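Just one chain follows, in the form predicted alone, and it is written as C-alpha coordinates.
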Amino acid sequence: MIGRAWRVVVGFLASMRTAVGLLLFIGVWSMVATVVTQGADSSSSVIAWDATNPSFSPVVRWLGLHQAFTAPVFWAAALLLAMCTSACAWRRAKVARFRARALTAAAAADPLSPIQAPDLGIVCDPALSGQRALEIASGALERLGIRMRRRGDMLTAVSPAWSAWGSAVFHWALVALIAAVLVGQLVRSEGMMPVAVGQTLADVSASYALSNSGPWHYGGVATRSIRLDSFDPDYKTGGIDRGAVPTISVLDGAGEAVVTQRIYPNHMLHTGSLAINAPACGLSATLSFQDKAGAESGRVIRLVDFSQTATEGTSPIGLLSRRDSAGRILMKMSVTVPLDRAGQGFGEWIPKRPSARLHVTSADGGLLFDGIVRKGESVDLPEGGAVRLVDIGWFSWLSLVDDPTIPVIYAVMVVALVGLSVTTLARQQLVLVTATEGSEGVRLDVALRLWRNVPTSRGEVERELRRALGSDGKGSVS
(Lines give C-alpha, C1' and ligand atoms only; values in the text may rest on other atoms or scores of the structure.)
Protein backbone atom coordinates (compact mmCIF):
# COMPACT_ATOMS: atom_id res chain seq x y z
CA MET A 1 0.00 0.00 0.00
CA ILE A 2 2.77 2.41 0.97
CA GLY A 3 4.75 1.46 -2.10
CA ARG A 4 1.77 2.10 -4.35
CA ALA A 5 1.11 5.48 -2.75
CA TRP A 6 4.77 6.40 -3.19
CA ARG A 7 4.64 5.50 -6.88
CA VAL A 8 1.51 7.63 -7.32
CA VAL A 9 3.18 10.61 -5.64
CA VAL A 10 6.37 10.23 -7.68
CA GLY A 11 4.33 9.80 -10.84
CA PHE A 12 2.43 13.00 -10.10
CA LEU A 13 5.61 14.95 -9.37
CA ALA A 14 7.40 13.63 -12.45
CA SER A 15 4.42 14.31 -14.71
CA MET A 16 4.96 16.77 -17.53
CA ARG A 17 1.40 18.09 -17.02
CA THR A 18 2.14 18.96 -13.40
CA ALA A 19 5.34 20.81 -14.31
CA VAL A 20 3.72 22.70 -17.21
CA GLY A 21 0.74 23.66 -15.04
CA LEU A 22 3.02 25.03 -12.33
CA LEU A 23 5.10 26.95 -14.86
CA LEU A 24 1.97 28.52 -16.30
CA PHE A 25 0.74 29.48 -12.83
CA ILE A 26 4.09 31.04 -11.87
CA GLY A 27 4.21 32.89 -15.20
CA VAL A 28 0.72 34.35 -14.74
CA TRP A 29 1.47 35.21 -11.10
CA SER A 30 4.65 37.04 -12.16
CA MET A 31 2.80 38.99 -14.85
CA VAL A 32 0.13 40.07 -12.37
CA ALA A 33 2.91 41.12 -9.96
CA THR A 34 4.22 43.59 -12.57
CA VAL A 35 0.98 45.62 -12.40
CA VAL A 36 0.58 45.44 -8.62
CA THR A 37 2.74 47.76 -6.53
CA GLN A 38 5.31 45.76 -4.57
CA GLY A 39 6.19 46.62 -0.98
CA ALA A 40 5.10 46.39 2.61
CA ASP A 41 1.35 46.69 3.26
CA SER A 42 1.95 49.84 5.31
CA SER A 43 4.10 51.61 2.69
CA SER A 44 2.72 54.77 1.08
CA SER A 45 3.00 53.39 -2.46
CA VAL A 46 1.01 50.25 -1.57
CA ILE A 47 -1.63 52.27 0.28
CA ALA A 48 -1.93 54.57 -2.75
CA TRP A 49 -2.36 51.58 -5.10
CA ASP A 50 -5.05 50.10 -2.87
CA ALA A 51 -6.86 53.44 -2.79
CA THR A 52 -6.94 53.66 -6.59
CA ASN A 53 -7.95 49.99 -6.99
CA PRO A 54 -10.55 49.38 -4.26
CA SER A 55 -12.24 46.52 -6.12
CA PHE A 56 -9.05 44.45 -6.36
CA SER A 57 -7.33 45.48 -3.14
CA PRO A 58 -8.96 42.88 -0.80
CA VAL A 59 -8.09 39.97 -3.11
CA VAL A 60 -4.57 41.29 -3.75
CA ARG A 61 -3.89 41.62 -0.03
CA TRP A 62 -5.41 38.20 0.75
CA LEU A 63 -3.22 36.53 -1.88
CA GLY A 64 -0.16 38.51 -0.78
CA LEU A 65 0.45 39.97 -4.25
CA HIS A 66 1.99 43.14 -2.82
CA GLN A 67 4.88 40.87 -1.76
CA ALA A 68 4.39 38.60 -4.76
CA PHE A 69 7.66 36.70 -4.62
CA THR A 70 7.68 36.03 -0.90
CA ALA A 71 3.96 35.24 -0.63
CA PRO A 72 3.03 31.75 0.67
CA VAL A 73 1.12 30.97 -2.54
CA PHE A 74 4.17 31.69 -4.69
CA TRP A 75 6.48 29.77 -2.39
CA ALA A 76 4.17 26.74 -2.41
CA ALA A 77 4.07 26.71 -6.22
CA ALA A 78 7.82 27.24 -6.52
CA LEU A 79 8.64 24.51 -3.99
CA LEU A 80 6.27 22.10 -5.72
CA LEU A 81 7.92 22.92 -9.05
CA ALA A 82 11.32 22.26 -7.45
CA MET A 83 10.04 18.86 -6.24
CA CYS A 84 8.69 18.07 -9.73
CA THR A 85 12.01 18.99 -11.31
CA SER A 86 13.86 16.95 -8.67
CA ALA A 87 11.73 13.88 -9.38
CA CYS A 88 12.34 14.25 -13.10
CA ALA A 89 16.06 14.83 -12.54
CA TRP A 90 16.26 11.74 -10.30
CA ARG A 91 14.71 9.57 -13.00
CA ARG A 92 17.02 10.97 -15.65
CA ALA A 93 20.02 10.44 -13.37
CA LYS A 94 19.10 6.75 -13.01
CA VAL A 95 18.86 6.40 -16.79
CA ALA A 96 22.15 8.30 -17.24
CA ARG A 97 23.89 6.03 -14.74
CA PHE A 98 22.71 2.91 -16.58
CA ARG A 99 23.78 4.30 -19.97
CA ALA A 100 27.13 5.56 -18.69
CA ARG A 101 27.92 2.11 -17.28
CA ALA A 102 26.93 0.48 -20.56
CA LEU A 103 29.10 2.90 -22.56
CA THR A 104 32.06 2.42 -20.23
CA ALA A 105 31.77 -1.35 -20.51
CA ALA A 106 31.40 -1.15 -24.30
CA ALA A 107 34.51 1.00 -24.61
CA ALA A 108 36.53 -1.82 -23.02
CA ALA A 109 34.65 -4.68 -24.74
CA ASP A 110 36.41 -7.54 -26.52
CA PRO A 111 35.23 -9.24 -29.74
CA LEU A 112 33.23 -11.81 -27.76
CA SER A 113 30.97 -9.19 -26.13
CA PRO A 114 28.44 -8.79 -28.96
CA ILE A 115 28.25 -12.58 -29.40
CA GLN A 116 27.20 -13.11 -25.79
CA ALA A 117 24.12 -10.89 -26.03
CA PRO A 118 23.60 -9.65 -29.60
CA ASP A 119 20.79 -7.28 -30.45
CA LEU A 120 21.04 -8.29 -34.10
CA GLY A 121 22.35 -11.52 -35.62
CA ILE A 122 22.66 -11.44 -39.40
CA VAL A 123 23.71 -14.39 -41.57
CA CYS A 124 25.88 -13.08 -44.41
CA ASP A 125 26.31 -14.15 -48.03
CA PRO A 126 28.28 -17.46 -48.07
CA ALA A 127 30.83 -15.92 -50.43
CA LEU A 128 31.91 -13.37 -47.83
CA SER A 129 34.75 -13.87 -45.38
CA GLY A 130 34.58 -12.48 -41.86
CA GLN A 131 37.00 -9.63 -42.61
CA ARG A 132 35.15 -8.70 -45.80
CA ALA A 133 31.82 -8.76 -43.96
CA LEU A 134 33.21 -6.30 -41.40
CA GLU A 135 34.43 -3.98 -44.15
CA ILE A 136 31.04 -4.01 -45.86
CA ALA A 137 29.22 -3.50 -42.54
CA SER A 138 31.47 -0.54 -41.72
CA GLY A 139 30.65 1.13 -45.03
CA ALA A 140 26.91 0.47 -44.65
CA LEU A 141 26.83 1.95 -41.14
CA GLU A 142 28.84 5.00 -42.15
CA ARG A 143 26.35 5.67 -44.95
CA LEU A 144 23.72 5.82 -42.20
CA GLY A 145 25.77 8.38 -40.28
CA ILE A 146 27.47 6.02 -37.80
CA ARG A 147 31.22 6.34 -38.07
CA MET A 148 32.83 3.02 -37.18
CA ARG A 149 36.31 2.32 -35.87
CA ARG A 150 38.20 -0.88 -36.31
CA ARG A 151 39.56 -2.47 -33.15
CA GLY A 152 41.15 -5.78 -34.04
CA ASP A 153 38.38 -8.11 -35.22
CA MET A 154 35.62 -5.78 -34.07
CA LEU A 155 33.91 -2.57 -35.24
CA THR A 156 33.02 -0.02 -32.58
CA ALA A 157 31.12 3.27 -32.38
CA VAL A 158 30.82 4.03 -28.67
CA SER A 159 30.03 7.48 -27.30
CA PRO A 160 31.96 8.71 -24.24
CA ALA A 161 30.27 7.99 -20.91
CA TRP A 162 29.82 11.71 -20.12
CA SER A 163 27.46 12.09 -23.09
CA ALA A 164 24.80 10.22 -21.09
CA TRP A 165 24.72 12.81 -18.31
CA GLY A 166 23.63 15.93 -20.24
CA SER A 167 19.90 15.72 -19.50
CA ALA A 168 20.42 14.80 -15.84
CA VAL A 169 22.90 17.65 -15.32
CA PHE A 170 20.50 20.09 -17.00
CA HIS A 171 17.57 19.08 -14.80
CA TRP A 172 19.59 19.12 -11.57
CA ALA A 173 20.87 22.56 -12.57
CA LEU A 174 17.23 23.67 -12.90
CA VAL A 175 16.58 22.40 -9.38
CA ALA A 176 19.58 24.37 -8.11
CA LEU A 177 18.40 27.44 -10.04
CA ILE A 178 14.93 27.30 -8.46
CA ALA A 179 16.49 26.88 -5.02
CA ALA A 180 18.85 29.82 -5.60
CA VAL A 181 16.00 32.06 -6.77
CA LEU A 182 13.87 31.16 -3.74
CA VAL A 183 16.74 31.78 -1.33
CA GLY A 184 17.50 34.99 -3.21
CA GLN A 185 14.03 36.32 -2.40
CA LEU A 186 14.86 35.92 1.29
CA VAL A 187 18.34 37.42 1.31
CA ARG A 188 18.26 40.05 -1.46
CA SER A 189 17.64 43.77 -1.20
CA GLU A 190 16.87 46.33 -3.88
CA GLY A 191 16.24 50.02 -3.91
CA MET A 192 16.73 53.44 -5.47
CA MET A 193 19.54 55.64 -4.13
CA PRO A 194 19.99 59.26 -5.29
CA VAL A 195 23.65 60.35 -5.23
CA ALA A 196 25.03 63.76 -6.22
CA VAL A 197 28.37 64.27 -7.94
CA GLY A 198 31.13 64.11 -5.33
CA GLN A 199 28.80 62.66 -2.72
CA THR A 200 29.47 59.39 -0.89
CA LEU A 201 26.61 57.52 0.77
CA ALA A 202 26.83 54.49 3.03
CA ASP A 203 24.93 51.48 1.71
CA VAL A 204 22.32 51.47 4.48
CA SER A 205 18.55 51.83 4.38
CA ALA A 206 18.69 55.52 5.36
CA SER A 207 20.49 56.32 2.08
CA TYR A 208 17.68 54.96 -0.07
CA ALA A 209 14.64 56.84 -1.29
CA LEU A 210 12.91 53.51 -1.93
CA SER A 211 14.05 50.10 -0.73
CA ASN A 212 12.82 46.58 -0.19
CA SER A 213 14.70 43.78 1.58
CA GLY A 214 14.10 40.11 2.19
CA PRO A 215 13.66 38.89 5.78
CA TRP A 216 17.11 37.29 5.82
CA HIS A 217 19.01 40.22 4.34
CA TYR A 218 22.09 41.11 6.33
CA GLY A 219 21.52 44.90 6.03
CA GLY A 220 21.77 47.41 8.83
CA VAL A 221 25.56 47.63 9.07
CA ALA A 222 27.47 49.72 6.53
CA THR A 223 30.06 47.47 4.92
CA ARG A 224 30.47 49.58 1.78
CA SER A 225 29.69 53.01 0.35
CA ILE A 226 28.66 54.35 -3.04
CA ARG A 227 30.36 57.42 -4.54
CA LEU A 228 29.39 59.38 -7.65
CA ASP A 229 32.76 60.47 -9.06
CA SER A 230 31.59 62.30 -12.17
CA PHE A 231 28.67 62.72 -14.51
CA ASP A 232 28.66 63.11 -18.28
CA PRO A 233 25.23 64.29 -19.54
CA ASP A 234 26.08 63.41 -23.15
CA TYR A 235 28.50 60.48 -23.22
CA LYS A 236 29.48 58.91 -26.54
CA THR A 237 31.58 55.82 -27.11
CA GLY A 238 32.17 53.72 -30.18
CA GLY A 239 30.11 56.17 -32.22
CA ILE A 240 27.05 55.51 -30.03
CA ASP A 241 25.31 58.14 -27.90
CA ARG A 242 24.94 56.58 -24.44
CA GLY A 243 23.05 59.55 -23.00
CA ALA A 244 23.57 60.69 -19.41
CA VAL A 245 26.28 58.49 -17.89
CA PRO A 246 27.57 58.55 -14.28
CA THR A 247 30.91 57.18 -13.14
CA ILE A 248 30.41 55.23 -9.90
CA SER A 249 32.85 53.89 -7.33
CA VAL A 250 31.99 51.21 -4.80
CA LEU A 251 34.07 51.66 -1.63
CA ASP A 252 34.83 49.03 0.99
CA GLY A 253 34.50 49.52 4.74
CA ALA A 254 37.90 51.24 4.86
CA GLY A 255 36.92 53.72 2.13
CA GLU A 256 39.06 52.16 -0.58
CA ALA A 257 37.61 51.89 -4.08
CA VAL A 258 36.77 48.28 -4.96
CA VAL A 259 35.60 49.09 -8.47
CA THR A 260 35.08 52.26 -10.52
CA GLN A 261 33.02 52.19 -13.70
CA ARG A 262 30.80 54.18 -16.04
CA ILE A 263 27.21 52.94 -16.03
CA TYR A 264 24.92 53.04 -19.05
CA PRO A 265 22.34 50.74 -20.71
CA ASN A 266 23.62 47.16 -21.04
CA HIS A 267 26.70 48.11 -19.02
CA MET A 268 25.76 47.68 -15.36
CA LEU A 269 28.31 47.71 -12.58
CA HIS A 270 28.79 44.30 -10.97
CA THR A 271 30.89 43.59 -7.92
CA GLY A 272 30.33 40.49 -5.85
CA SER A 273 26.63 40.24 -5.05
CA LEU A 274 25.94 43.88 -5.94
CA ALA A 275 24.58 45.12 -9.28
CA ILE A 276 24.10 48.84 -9.99
CA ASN A 277 22.19 50.49 -12.81
CA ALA A 278 21.53 54.20 -13.44
CA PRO A 279 18.01 54.61 -14.85
CA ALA A 280 17.56 58.39 -14.41
CA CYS A 281 19.19 61.63 -13.32
CA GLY A 282 18.39 65.11 -12.03
CA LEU A 283 20.02 68.24 -10.63
CA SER A 284 21.47 69.01 -7.23
CA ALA A 285 21.71 72.30 -5.36
CA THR A 286 24.46 72.70 -2.77
CA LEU A 287 23.49 75.15 -0.02
CA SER A 288 25.74 76.70 2.63
CA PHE A 289 24.16 77.87 5.90
CA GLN A 290 25.78 80.75 7.76
CA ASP A 291 25.25 81.85 11.34
CA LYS A 292 24.56 85.41 12.46
CA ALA A 293 28.28 86.14 12.50
CA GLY A 294 28.62 85.08 8.85
CA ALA A 295 30.54 81.86 9.57
CA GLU A 296 29.50 78.72 7.72
CA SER A 297 27.58 76.38 10.01
CA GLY A 298 26.99 73.55 7.55
CA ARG A 299 26.25 72.46 4.02
CA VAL A 300 23.46 70.40 2.51
CA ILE A 301 22.79 68.99 -0.94
CA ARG A 302 19.18 69.16 -2.12
CA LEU A 303 18.07 67.08 -5.09
CA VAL A 304 15.47 67.97 -7.72
CA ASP A 305 13.86 65.81 -10.39
CA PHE A 306 13.17 66.94 -13.93
CA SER A 307 9.46 67.47 -14.58
CA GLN A 308 8.02 68.85 -17.81
CA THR A 309 4.72 69.47 -16.01
CA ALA A 310 6.24 71.57 -13.19
CA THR A 311 6.08 75.36 -13.47
CA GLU A 312 9.84 75.81 -13.90
CA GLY A 313 10.81 72.29 -15.06
CA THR A 314 11.86 70.66 -11.79
CA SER A 315 10.23 69.33 -8.63
CA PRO A 316 11.86 68.97 -5.19
CA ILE A 317 12.76 65.60 -3.67
CA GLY A 318 11.66 66.05 -0.06
CA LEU A 319 11.71 69.09 2.24
CA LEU A 320 14.54 70.48 4.34
CA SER A 321 13.62 71.24 7.98
CA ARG A 322 15.59 73.61 10.23
CA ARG A 323 15.28 72.96 13.97
CA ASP A 324 16.39 74.69 17.13
CA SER A 325 18.45 73.14 19.90
CA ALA A 326 15.31 71.65 21.48
CA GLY A 327 14.36 69.92 18.23
CA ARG A 328 11.46 72.23 17.41
CA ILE A 329 10.95 73.01 13.71
CA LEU A 330 11.85 76.60 12.90
CA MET A 331 11.16 76.49 9.18
CA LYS A 332 10.75 74.21 6.19
CA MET A 333 12.44 74.76 2.86
CA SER A 334 11.90 73.29 -0.59
CA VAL A 335 14.41 73.78 -3.39
CA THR A 336 13.87 73.71 -7.15
CA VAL A 337 16.04 74.73 -10.09
CA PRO A 338 14.42 76.86 -12.84
CA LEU A 339 15.37 75.38 -16.23
CA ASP A 340 15.98 77.07 -19.57
CA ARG A 341 13.18 76.83 -22.09
CA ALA A 342 13.57 74.41 -25.02
CA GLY A 343 10.73 74.67 -27.51
CA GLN A 344 7.43 73.99 -25.77
CA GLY A 345 9.14 72.44 -22.74
CA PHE A 346 12.29 72.68 -20.68
CA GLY A 347 15.86 71.67 -21.44
CA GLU A 348 16.89 68.94 -19.01
CA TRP A 349 20.37 70.23 -18.36
CA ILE A 350 22.10 72.72 -16.05
CA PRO A 351 20.79 76.23 -16.89
CA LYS A 352 23.10 78.75 -18.53
CA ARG A 353 22.71 80.94 -15.45
CA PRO A 354 22.45 78.44 -12.57
CA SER A 355 20.01 79.44 -9.84
CA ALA A 356 17.65 77.90 -7.30
CA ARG A 357 14.20 78.82 -6.12
CA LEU A 358 13.93 78.68 -2.33
CA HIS A 359 10.45 78.32 -0.87
CA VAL A 360 10.60 78.80 2.91
CA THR A 361 7.66 78.37 5.28
CA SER A 362 7.26 78.46 9.04
CA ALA A 363 6.39 75.43 11.13
CA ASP A 364 2.67 76.24 10.80
CA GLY A 365 2.88 76.73 7.00
CA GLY A 366 3.17 80.50 6.80
CA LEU A 367 5.21 81.80 3.87
CA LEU A 368 8.54 83.30 4.94
CA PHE A 369 10.41 83.54 1.63
CA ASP A 370 9.89 82.56 -1.98
CA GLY A 371 12.47 83.74 -4.48
CA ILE A 372 15.34 83.02 -6.84
CA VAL A 373 18.92 82.80 -5.57
CA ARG A 374 21.74 82.88 -8.12
CA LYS A 375 24.89 80.82 -7.80
CA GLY A 376 27.14 82.54 -5.24
CA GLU A 377 24.32 84.71 -3.83
CA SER A 378 22.93 84.59 -0.29
CA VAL A 379 19.55 85.27 1.25
CA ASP A 380 18.84 86.08 4.90
CA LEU A 381 16.84 83.60 6.92
CA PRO A 382 13.96 84.66 9.18
CA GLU A 383 15.44 83.10 12.33
CA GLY A 384 18.80 84.77 11.70
CA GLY A 385 21.80 83.86 9.59
CA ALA A 386 21.71 83.27 5.85
CA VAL A 387 21.79 80.58 3.19
CA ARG A 388 24.04 80.76 0.11
CA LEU A 389 23.74 78.83 -3.15
CA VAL A 390 27.16 77.27 -3.62
CA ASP A 391 26.63 75.29 -6.81
CA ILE A 392 24.19 73.60 -9.17
CA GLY A 393 25.28 70.14 -10.29
CA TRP A 394 24.05 66.70 -11.26
CA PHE A 395 22.81 63.73 -9.34
CA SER A 396 22.03 60.22 -10.53
CA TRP A 397 19.32 57.81 -9.49
CA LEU A 398 21.05 54.50 -8.84
CA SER A 399 19.18 51.21 -8.83
CA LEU A 400 21.00 48.81 -6.51
CA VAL A 401 20.30 45.09 -6.24
CA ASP A 402 22.24 43.17 -3.62
CA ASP A 403 21.68 39.44 -3.99
CA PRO A 404 24.34 37.01 -2.72
CA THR A 405 22.80 34.27 -4.85
CA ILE A 406 23.57 36.08 -8.13
CA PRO A 407 27.06 34.49 -8.56
CA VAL A 408 25.49 31.12 -7.74
CA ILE A 409 22.73 31.71 -10.29
CA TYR A 410 25.25 32.60 -13.00
CA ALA A 411 27.31 29.49 -12.20
CA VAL A 412 24.22 27.27 -12.24
CA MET A 413 23.12 28.78 -15.55
CA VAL A 414 26.50 27.94 -17.05
CA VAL A 415 26.18 24.36 -15.80
CA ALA A 416 22.63 24.18 -17.18
CA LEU A 417 23.83 25.47 -20.55
CA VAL A 418 26.58 22.84 -20.63
CA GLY A 419 24.08 20.11 -19.78
CA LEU A 420 21.61 21.35 -22.39
CA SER A 421 24.36 21.56 -25.01
CA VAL A 422 25.45 17.99 -24.29
CA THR A 423 21.83 16.82 -24.45
CA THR A 424 21.18 18.66 -27.71
CA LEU A 425 24.44 18.06 -29.54
CA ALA A 426 26.21 15.01 -28.12
CA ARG A 427 25.41 11.65 -29.64
CA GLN A 428 24.53 8.72 -27.37
CA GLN A 429 25.17 5.46 -29.19
CA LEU A 430 26.64 2.07 -28.57
CA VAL A 431 27.47 -0.06 -31.61
CA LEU A 432 29.68 -3.17 -31.44
CA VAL A 433 30.02 -5.45 -34.47
CA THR A 434 31.86 -8.79 -34.77
CA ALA A 435 31.86 -11.48 -37.44
CA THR A 436 32.16 -15.21 -36.71
CA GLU A 437 32.67 -17.95 -39.24
CA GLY A 438 30.91 -21.29 -38.82
CA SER A 439 29.51 -24.22 -40.77
CA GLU A 440 26.69 -22.03 -42.08
CA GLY A 441 29.06 -19.27 -43.19
CA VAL A 442 29.71 -15.87 -41.70
CA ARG A 443 27.39 -14.44 -39.08
CA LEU A 444 27.43 -10.80 -38.04
CA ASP A 445 26.60 -10.12 -34.38
CA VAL A 446 25.68 -6.56 -33.44
CA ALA A 447 25.21 -4.92 -30.02
CA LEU A 448 23.13 -1.85 -30.78
CA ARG A 449 21.90 1.07 -28.63
CA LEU A 450 20.83 4.25 -30.41
CA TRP A 451 19.72 6.54 -27.58
CA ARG A 452 20.02 10.17 -28.67
CA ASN A 453 21.02 12.37 -31.63
CA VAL A 454 21.70 9.40 -33.93
CA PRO A 455 20.61 10.02 -37.55
CA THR A 456 19.19 6.55 -38.04
CA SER A 457 17.12 3.86 -36.31
CA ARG A 458 17.48 0.23 -35.33
CA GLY A 459 15.16 -0.91 -38.10
CA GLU A 460 17.06 1.06 -40.74
CA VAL A 461 20.38 -0.32 -39.50
CA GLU A 462 19.12 -3.89 -39.76
CA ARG A 463 17.68 -3.38 -43.25
CA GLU A 464 20.86 -1.73 -44.55
CA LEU A 465 23.13 -4.42 -43.09
CA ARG A 466 21.00 -7.24 -44.50
CA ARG A 467 20.94 -5.59 -47.91
CA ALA A 468 24.68 -4.84 -47.96
CA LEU A 469 25.66 -8.32 -46.72
CA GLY A 470 23.38 -10.13 -49.15
CA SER A 471 21.21 -11.61 -46.40
CA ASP A 472 17.83 -10.50 -47.78
CA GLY A 473 15.54 -13.42 -47.33
CA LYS A 474 17.88 -14.94 -44.74
CA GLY A 475 16.94 -15.15 -41.10
CA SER A 476 18.01 -12.71 -38.45
CA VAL A 477 17.64 -12.81 -34.71
CA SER A 478 17.07 -9.94 -32.40
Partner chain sequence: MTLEIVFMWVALTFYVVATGMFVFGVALNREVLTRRAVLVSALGLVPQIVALGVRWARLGHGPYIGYYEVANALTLCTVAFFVIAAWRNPRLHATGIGIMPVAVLLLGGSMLASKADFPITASLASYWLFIHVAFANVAFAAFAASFGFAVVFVIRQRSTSGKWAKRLERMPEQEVVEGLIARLVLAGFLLWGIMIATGAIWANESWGRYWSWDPIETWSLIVWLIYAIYLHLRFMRHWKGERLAWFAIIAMPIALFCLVGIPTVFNTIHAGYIGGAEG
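Throughout, rigid core stands for the largest set of C-alpha atoms superposing within 1.5 Å between the two forms. Numbering follows the first chain given and starts at 1. Just so it is clear, the model here is predicted, and its values are computed rather than measured.
Not on display, but discussed next: the form predicted together with the partner chain.
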| property | result |
| --- | --- |
| The single option of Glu383, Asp340, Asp241, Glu296 touching the partner chain in the predicted complex, heavy atom within 4.5 Å | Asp241 |
| Residue (of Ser57, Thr37, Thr436, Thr423) lying close to the partner chain in the predicted complex, criterion heavy atoms within 4.5 Å | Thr423 |
| One stretch from 105-113, 133-141, 268-276, 251-259 that, in the predicted complex, holds residues within 4.5 Å of the partner chain by heavy atom | 268-276 |
| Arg452: touches the partner chain in the predicted complex, heavy atom cutoff 4.5 angstroms | yes |
| Partner proximity in the predicted complex: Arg463 to the partner chain, non-hydrogen atom cutoff 4.5 Å | yes |
| Non-hydrogen atom contact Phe395 with the partner chain in the predicted complex at 4.5 angstroms | no |
| Partner contact for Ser45 in the predicted complex: the partner chain, 4.5 angstroms, heavy atom | no |
| Residues of 389-410 having any heavy atom within 4.5 Å of the partner chain in the predicted complex, listed in sequence order | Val401, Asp403, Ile406, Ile409, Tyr410 |
| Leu81 C-alpha relocation of at least 2 Å between this form and the one not shown, rigid core basis | yes |
| Core-superposed comparison between this form and the one not shown, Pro194 Cα displacement 2 Å or beyond | no |
| Per-residue C-alpha change between this form and the one not shown, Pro407, threshold 2 Å, rigid core fit | yes |
